[in-house]
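As a starting point, one isolated chain is supplied in structure tokens, in the form predicted on its own.
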Amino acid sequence: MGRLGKWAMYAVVALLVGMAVLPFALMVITAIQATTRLEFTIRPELLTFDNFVRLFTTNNFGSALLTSSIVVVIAVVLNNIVSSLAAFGFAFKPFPGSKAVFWVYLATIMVPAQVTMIPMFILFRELGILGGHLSLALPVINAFGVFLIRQFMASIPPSLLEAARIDGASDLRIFLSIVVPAIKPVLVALTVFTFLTTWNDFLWPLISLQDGTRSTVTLAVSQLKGNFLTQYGMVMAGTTIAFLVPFIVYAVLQRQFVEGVTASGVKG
């Protein structure tokens, strides 16, 4: 590739980066100004942090943050436990027809989430947990986590587990002492996927939270929009906080996340 080609490539990359960054720049610029309009202009006389203060003092945004945080923690813990145990069963405890069961279970990923929402609504209502933290966290548990971890478990030598069994270790001891330490990278990857999916979910909380006494971050941001006049500064302040939390989590776990996803793809 000649020099002209390299400069053309740099220009295209710079253009794409600019297009990707512009929405975030608009979000931050609007969030720190007292304005009712979306604009890229920075007017020093309008610069303020009142939008962030009013979120927590008059719009109960702190309660929404707490609700989302609790739901995310429950979802991450349950998804890691259920998916890793199921993957362990499919990988190392085969039974007649287990492969067929696994692929049928895996096919449920293709079912759109919207299709299952009404049955889920009825089921959770009958169980008496509709509208609670648990009902907001449970939908994230699906076949994707099982598939991801099972692919990673393929790298664990079966002879290692057989040696542990010969030494008298139970399945639970093998799972906790050998398998879990070996699959830490993919558990981190699943944690990031679960966090982002649960934190950004809007439709299921909108359907299941009907009494208005509890709200998640995504719902709280949507409720900032007024009927006649929208305070875009405050809306973008809420959006900024809703974006920063998962961004910080991803930044902290980025190295383990990439390692887990890469290893699952290579070793599967």
Partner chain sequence: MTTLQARGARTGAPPSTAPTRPARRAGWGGLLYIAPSLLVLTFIAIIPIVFSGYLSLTRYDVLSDPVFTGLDNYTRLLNDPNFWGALRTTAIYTLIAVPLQMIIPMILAEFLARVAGPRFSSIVRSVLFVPVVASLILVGTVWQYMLAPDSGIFNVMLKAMGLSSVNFLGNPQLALICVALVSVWKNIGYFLVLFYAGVQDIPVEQYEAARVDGAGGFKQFLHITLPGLKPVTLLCTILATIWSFQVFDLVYSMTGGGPGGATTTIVMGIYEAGFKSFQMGYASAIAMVLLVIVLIVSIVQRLAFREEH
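Here the rigid core means the biggest group of C-alpha atoms that line up within 1.5 Å when the two forms are laid on top of each other. Quick caveat: nothing in here was measured; it's all calculated off a predicted structure. Positions refer to the first chain, counted from 1.
One more form of this protein, predicted in complex with its partner chain, exists but is not displayed; see below.
Engineer: Can residue 6 be called a contact residue for its partner chain in the predicted complex at 4.5 Å between heavy atoms?
Structural biologist: Looking in the predicted complex, residue contacts with its partner chain include residue 6, since a heavy atom lies within 4.5 Å.
Engineer: Verify the contact flag for residue 40: yes if a non-hydrogen atom of it lies within 4.5 Å of a non-hydrogen atom of its partner chain in the predicted complex, no if not.
Structural biologist: Residue 40: yes, in contact with its partner chain in the predicted complex.
Engineer: Would you classify residue 168 as touching its partner chain in the predicted complex, given a 4.5 Å non-hydrogen atom cut-off?
Structural biologist: Output for residue 168 is no: heavy atoms all beyond 4.5 Å of its partner chain.
Engineer: Examine residue 207 and determine whether its closest non-hydrogen atom to its partner chain in the predicted complex is within 4.5 angstroms.
Structural biologist: Yes, contact at 4.5 Å.
Engineer: With its partner chain left out of view, choose which of 60, 69, 200, 48 has a non-hydrogen atom within 4.5 angstroms of it in the predicted complex.
Structural biologist: For this set of options, the contacting one is 200.
Engineer: In sequence order, which positions of 128 to 146 have a non-hydrogen atom within 4.5 Å of its partner chain in the predicted complex?
Structural biologist: Counting only heavy atoms within 4.5 Å of its partner chain in the predicted complex, the contacting residues of 128 to 146 are 138, 139, 141, 142, 143, 146.
Engineer: Given a core-based superposition, decide whether the C-alpha of residue 38 shifts by 2 Å or more between the shown form and the other one.
Structural biologist: Yes, because once the rigid core is superposed, the C-alpha of residue 38 moves 2 Å or more between the shown form and the other one.
Engineer: Checking residue 253 here: with the core superposed, does its CA move 2 Å or more between the shown form and the other one?
Structural biologist: Passes the 2 Å threshold, so yes.
Engineer: Once you compare with this form, do the C-alpha atoms of residue 257 and residue 239 lie closer or farther in the predicted complex, given a change of 3 Å or more?
Structural biologist: Closer: residue 257 and residue 239 approach by 3 Å or more in the predicted complex.
Engineer: If the C-alpha spacing of residue 196 and residue 257 moves by 3 Å or more in the predicted complex, is that a move closer or farther apart?
Structural biologist: Those two alpha carbons end up closer in the predicted complex.
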